[in-house]
Every structure is written in structure tokens, then in C-alpha cells.
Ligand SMILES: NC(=O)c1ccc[n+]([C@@H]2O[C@H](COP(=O)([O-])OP(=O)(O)OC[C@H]3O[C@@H](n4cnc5c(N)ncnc54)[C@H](OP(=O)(O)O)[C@@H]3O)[C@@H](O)[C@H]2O)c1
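Before any questions on how it binds or moves, here is one chain, the form predicted alone, in C-alpha cells.
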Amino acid sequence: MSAIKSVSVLGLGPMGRATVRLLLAAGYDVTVWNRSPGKTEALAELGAKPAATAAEAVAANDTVLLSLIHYDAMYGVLEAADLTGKTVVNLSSDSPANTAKGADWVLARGARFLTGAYMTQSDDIAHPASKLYVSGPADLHEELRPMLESLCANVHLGGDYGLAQLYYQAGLAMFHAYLISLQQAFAMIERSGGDIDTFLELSKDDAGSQRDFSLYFAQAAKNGGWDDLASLKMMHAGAQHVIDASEDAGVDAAITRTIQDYYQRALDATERTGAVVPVYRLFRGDH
């Protein structure tokens, strides 16, 4: 175990509570605080020590983990606390720019700072596939690694404080689109008299194929984007077929219309410029 034997956790939403439970299970002394005090009671029964205020929780230990709704919440939570000599690890979700701003704010108050982002299935931090993306000083991460790896596997991404959030939010960009499109697919099947379990069986090997697409499109992105005009036209037409199948079943196809719009914009830009404009360049803001 790390030389660090005790830690304070501020913010007891689903991720914060999961963090506390794992730290307690690993033998750490944990002080907890939450704006709504009712959430501390169940954790106190497991051995956590409730603090009456955020400042009291910070004062209790040299290492402080934050699990808040966003970085803006950190300022109000910590403004009355003495951060001199403390180590603050912010596990809240936010943009890379807001993370960098938050790091400056903490450092100016005499604390060390590390940022982290849980890439997990919901609050199941202990899941074998879960990872904690970390960025900030490498030596500080090495010092904290035993404690942080009692939560889940760590990936240190570099000294730039915003990197953990950059990769995390990029992952969420894919995840949000996946969840919405998955529900559209289920609705299409159910409203059309199909069987969701049959669909699950048919798509059980999709992960391997998706990895192949990821590798292919990653290389295309490095080269400026997927610039096959015939394929852009095919994808535009294919999106229309999904829209038709959805709306024939009475299912909202707005997400597919948005996707089709990207292909239309790429085709329009191609016609204007006389050269194929990949969708990737639209996302980059090149057109």
C-alpha cells in the first residue's frame, strides 16, 4: 500500500460513493463530505468519517479527492478551505480548458494538483474494463498510484492537466451517440414486430468489426479524412433508408437525419470546391 493511509473524498454522487467504498475496502481511512449530508450516513456505517463542512474534510487529510458535477463546483466547495500543502485530485468531468483553469486555481492556493477521469461502465469502477485516465505531474501520479490503483487501473496521459479530460470526453462523444442510436435500433425492431433478442444475437460480434473501422478511419483522419466520393454518396443514401425504416415504424429518426446532414454537407462542399471534402474536415471546421 502507498505511504498515504488516509484521504478525504468530497462529493458523494454515484462515482464518489463508489470511490469511497473501494478506498475503505483497500484499508484507507476515509473522511467524507457532501453538500447534502444524508449521503454520508450509509458510508459512515462502512467506516467513513463524515465531516461537517468541506473545509473540515480538507483539513482532515493531506490528500483530497473531488467527485463533483463539474469543475465550477470546485471553487465554491474549496473556497473556504486551506489548501496549503494539500494534494487535490479532481475526478470530476469537464472540458480540457476548464480543467486547466481549475488546475491554475488550485496551484495558486499552494496545493499540488492531478486530474482524473473514470472511463467506466456507469459507477462500476471495479469492472475489469474500467480505467482511470490521469494527467498532471508524472512524479505526483507515481506517488499516488498505489492509492489510485486501488480504485481501478490507471493510465497516465501526460503532464498537461487537460489531457485526461480530452481523451475522456472524446470517448463520451462516441458513447453518447452509441446509446442514442442503440435505442433507436431497439425501437425500430420492436415497433416493426421484430425481436430485440434476435438483434442482440445478430450483433454480438460487432465489437471486433467496430475496432477494424476505428483503425481504418483513424488512418484516414491522419491523412485528412475518408475522401471516397462514391462512399459518401452511398452513406447518404443508406442514411435515408434508415430514416425510412424508422419512420415507417413510427420511430423518431432525428439522430439519423443529423448524420445524413453531415454527408449532405460534405457532398455540397465537394461540389463547391471541385475536390472531395471528407466529413472529418467538417468536424475539424475546415469547411
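Quantities reported herein were computed from a predicted structural model and do not represent experimental measurements. Each residue number is its position in the shown sequence, starting from 1.
As for the form predicted in complex with the ligand, it is not shown, yet the points below apply to it.
Every member of the trio Leu12, Ile69 and Ser92 reaches the ligand in the model of the complex with some non-hydrogen atom inside 4.5 Å. Stretch 71 to 79 is the answer when you ask which of 107 to 115, 152 to 160, 71 to 79, 136 to 144 has residues with heavy atoms within 4.5 Å of the ligand in the model of the complex. Though the ligand is absent from this view, in the model of the complex it lies within 4.5 Å of a heavy atom of just one residue from Thr120, Thr87, Gln184, Asn98, which is Thr120. The contact residue chosen from His236, Lys49, Arg257, Lys39 relative to the ligand in the model of the complex is Lys39, the criterion being a non-hydrogen atom within 4.5 angstroms. In the model of the complex, the ligand sits beyond 4.5 Å of every heavy atom of Pro278. Of the heavy atoms in Asn34, some are within 4.5 Å of the ligand in the model of the complex.
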